[in-house]
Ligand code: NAP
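What follows is one chain in structure tokens, specifically the form predicted on its own.
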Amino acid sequence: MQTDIARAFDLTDRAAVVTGAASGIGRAASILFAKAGANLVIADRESGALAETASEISKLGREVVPVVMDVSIRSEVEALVGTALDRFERLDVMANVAGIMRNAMFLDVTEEDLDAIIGVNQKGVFFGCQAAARAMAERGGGSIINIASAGMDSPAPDISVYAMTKAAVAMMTRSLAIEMGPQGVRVNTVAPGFIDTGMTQRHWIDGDGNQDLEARDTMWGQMSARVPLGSIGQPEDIAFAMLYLASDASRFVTGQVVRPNGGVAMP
């Protein structure tokens, strides 16, 4: 069977929802989906940065609806999916990207931090999967893309709760893929390695935006030394993996964990 490569990755006039779209991987994925032709509903808690993402998408000539919301609140996630259905009368792609990290050694994790991380990273993804799967099942197909992390494969100090929630995302992906396969809904996870985003930049950029370039170079050197490819990942590296899963190019792929991590974890 001959395949038109451009068509295989084309998202023209499809509708995508992306959470965590104000920055990092969520922003990169939103813009790349738009470049592939999709119309979008994008969501985040950061209204200003979310508006910047929306502006970039508008410049590409695609429709975009920014929604300020909290993925840890089920009703808001359901309303987010409802916004896509109301505006575009379809939902083809759901990318559950929103996530948080709070560093603490296992014995020092507070109940407040435990609840917050689970609320966004685990419950938020679960709610997004539920709402999207229901909408997609009615249309007979769609792609759900969840974001995990290489942290679930390689234990490290002070990220136990984060790693736990990302491992949970991988398993809920498999469970949903089994249940939704007969309805034509594909469900996959992307587990990035160390990526140059706000989540990692906080180690060398303070609350006022001041950069400690020496601290950055030290961390990048340490992380690169652990990666077989010897480099730091960029948000676009993850976005391209997500585009593959969003498009017809991956029509025979479900229940999988795709690991764009430079080789740092090879389970």
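The first residue of the sequence shown is number 1, and the count goes up from there. These figures come from a predicted structure and were not determined experimentally.
In what follows, reference is made to the form predicted in complex with this ligand, a form of this protein that is not presented.
Report task. May I ask you to check whether G99 falls inside a 4.5 Å heavy atom distance of this ligand in the predicted complex? Result -> Result yes; G99 sits at the interface with this ligand in the predicted complex.
Does I25 make contact with this ligand in the predicted complex, using a 4.5 Å heavy atom cut-off?
Although this ligand is absent here, I25 would touch it in the predicted complex, with heavy atoms inside 4.5 Å.
Requested in this report: With heavy atoms only and a cut-off of 4.5 Å, decide whether F194 touches this ligand in the predicted complex.
Outcome: Yes.
- Query: Taking heavy atoms and a 4.5 Å cut-off, does T189 contact this ligand in the predicted complex?
  - Reply: No.
Location of this ligand contact in the predicted complex, chosen stretch of 146-154, 178-186, 127-135, 106-114 [non-hydrogen atom, 4.5 Å]: That would be 146-154.
Can you work out which of D237, E63, D70, E56 has a heavy atom no more than 4.5 Å from this ligand in the predicted complex? Looking at D237, E63, D70, E56 one by one, just D70 meets the 4.5 Å heavy-atom criterion.
Item to check | Among the candidates R216, R226, R45, K35, the residue which, in the predicted complex, approaches this ligand to within 4.5 Å (heavy atoms) | outcome: Looking at R216, R226, R45, K35 one by one, just R45 meets the 4.5 Å heavy-atom criterion.
Though the partner is not shown here, which residues of 153-179 have a heavy atom within 4.5 Å of this ligand in the predicted complex?
-> If the 4.5 Å heavy-atom criterion is applied to this ligand in the predicted complex, 153-179 yields Y162, K166.
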